[in-house]
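As structure tokens, one chain now follows by itself in the form predicted alone.
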Amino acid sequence: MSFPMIPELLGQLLKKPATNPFPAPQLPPTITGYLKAVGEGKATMNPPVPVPPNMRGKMVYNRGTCIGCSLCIKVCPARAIELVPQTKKVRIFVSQCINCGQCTEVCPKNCLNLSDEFLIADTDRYSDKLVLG
């Protein structure tokens, strides 16, 4: 019997993780106590892993340069962009966006860009930071 996944498994066990480690070396009893100790210089935090170059993060929309051509709406596979008829501008639902970048490539005015910001969690999918436009 052959197990082709054994070399892959051993290789993954020996690689350094690519994700951010928990800020504390060990789980503290309370997060607030830990943050207070960090503020007082009694504890240290693990530094975050730097964002890779050309990362496709949260959408950035420059409403002032948008001409309302609607090309971005036509190419968006996630249907995360809609036209606001009164203003002839677009509204982008960041929580629905899959960060494919097709809208940024088709935009004639370059008013759509993907930033390196990726911490966009929120309890309300329609909050101001998750709806652009």
Partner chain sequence: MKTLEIKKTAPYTTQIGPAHPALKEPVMFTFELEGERIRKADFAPGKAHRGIEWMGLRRNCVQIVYLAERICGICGITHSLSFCRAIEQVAQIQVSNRAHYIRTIVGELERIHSHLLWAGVAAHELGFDSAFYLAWRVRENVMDLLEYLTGNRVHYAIIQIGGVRRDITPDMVPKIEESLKFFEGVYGKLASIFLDDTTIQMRCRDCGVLTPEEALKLCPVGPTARASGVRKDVRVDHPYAAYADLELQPVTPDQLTGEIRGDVYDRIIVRLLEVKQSIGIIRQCLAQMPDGPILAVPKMALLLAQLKKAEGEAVGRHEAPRGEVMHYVRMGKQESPVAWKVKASSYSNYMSWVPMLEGEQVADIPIIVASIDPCISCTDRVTIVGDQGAQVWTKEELHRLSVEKTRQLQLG
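As the structure is a prediction and not an experimental result, all values here were calculated from the model. The term rigid core refers to the most C-alpha atoms you can superpose between the two forms while keeping them within 1.5 Å. Numbering follows the first chain given and starts at 1.
Separately, the form predicted in complex with the partner chain exists; it is not shown, and the next lines address it.
Note on the partner interface in the predicted bound form: the residue among 83, 106, 43, 69 having a heavy atom within 4.5 angstroms of the partner chain is 106. In terms of contact with the partner chain in the predicted bound form, the residue from 47, 64, 39, 53 that brings a heavy atom within 4.5 Å is 53. Residue contact check for residue 101: one or more of its heavy atoms lie within 4.5 Å of the partner chain in the predicted bound form. Although the partner is absent here, residue 60 lies well away from the partner chain in the predicted bound form, with no heavy atom inside 4.5 Å. The closest heavy atom approach of residue 77 to the partner chain in the predicted bound form falls within 4.5 Å.
Contact check for residue 9: a non-hydrogen atom falls within 4.5 Å of the partner chain in the predicted bound form.
In the core-superposed comparison between the shown form and the other one, residue 18 has its Cα shifted by at least 2 Å. The Cα position of residue 9 differs by 2 Å or more between the shown form and the other one after fitting on the rigid core.
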